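The data below hold one chain only, encoded as structure tokens and taken in the form predicted alone.
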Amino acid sequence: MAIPIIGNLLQARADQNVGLLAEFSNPGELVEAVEAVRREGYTRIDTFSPFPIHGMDHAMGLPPSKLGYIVIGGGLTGCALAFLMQWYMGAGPQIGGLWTELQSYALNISGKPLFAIEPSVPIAFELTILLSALGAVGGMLALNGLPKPYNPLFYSERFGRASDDGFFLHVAEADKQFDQTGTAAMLRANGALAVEYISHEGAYDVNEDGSLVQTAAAPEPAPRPAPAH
């Protein structure tokens, strides 16, 4: 049962970048295009640029990031685990049977308490920082859908400039408002320099009349070796 569910999730992740990719000349025009697209009712959109653009989150209508909740959850978990570990090691009950590997060893040091808050703070601090950092990195990867070794956007030669000097707006085909010809015309009316249709088969330039011209095709699968006799 789990395998089909995972397969459907992976397919949905791959399909979210199928649609129209429009290039804009500068950050200002990209922000204005995003605002215009949202006014038209589009919701399945994404943007790509070489650097963060001030005001883009607001223009796209993005909610506050959930990453902070993941980080504070990791930090509180690390802090609680640190105090629990030190309490058990110093003053916890003796457990036998299968748990002898987790046996506590109480140490009487100059008559000091077997467990106290003050000397436990450094370890609690370290585990708080450790689990917060792990939560930040892991949460960032999960929320961004990474790693993503395959992305149909990579078929576009123009898209390679998204990490250099290109500014792109993507409208997903899954959007309820999506219409290949109408959406492409709307993007051009808002300043798009070029519009491409991205699919799992490759990248296609969208002409003024809505026709497609393939610019980059998906690579052919490698031939399988002949079976040995």
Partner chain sequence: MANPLSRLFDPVDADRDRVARKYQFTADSRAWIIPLALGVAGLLIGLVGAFGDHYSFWYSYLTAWVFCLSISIGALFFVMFQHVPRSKWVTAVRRFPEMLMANFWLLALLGLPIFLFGMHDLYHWTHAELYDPNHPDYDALVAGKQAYLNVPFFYARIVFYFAVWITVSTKLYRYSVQQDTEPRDDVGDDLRRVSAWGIPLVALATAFAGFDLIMSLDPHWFSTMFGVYFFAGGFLASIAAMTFMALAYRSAGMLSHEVGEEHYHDLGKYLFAFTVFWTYIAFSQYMLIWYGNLPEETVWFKHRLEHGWENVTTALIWFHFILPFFILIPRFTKRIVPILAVMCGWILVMHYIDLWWQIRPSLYVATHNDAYLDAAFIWTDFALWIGMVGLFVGATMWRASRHAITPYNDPYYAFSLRFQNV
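Computed from a predicted structure; not experimentally measured. Residue numbers count along the first chain shown, from 1. Take the two forms, superpose them, and find the largest set of C-alpha atoms that agree within 1.5 Å; that set is the rigid core.
Beyond what is shown, the protein has a form predicted together with its partner chain; the following relates to that form.
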Honest question, do His54, Pro122 and Phe125 all end up within 4.5 Å of its partner chain in the model of the complex by heavy atom distance?
yes
Among Leu84, Ala116, Leu134, Met140, just one has a heavy atom within 4.5 Å of its partner chain in the model of the complex, namely Ala116
Of Ala106, Ile72, Ala80, Leu130, which one comes within 4.5 Å of its partner chain in the model of the complex, counting heavy atoms only?
Ile72
At 4.5 Å between heavy atoms, is Lys148 in contact with its partner chain in the model of the complex?
no
Would you mind picking out the stretch of 108 to 116, 140 to 148, 154 to 162, 84 to 92 that comes within 4.5 angstroms of its partner chain in the model of the complex, counting non-hydrogen atoms?
108 to 116
Verify the C-alpha shift of Gly111 between this form and the one not shown: is it 2 Å or more after superposing the core?
yes
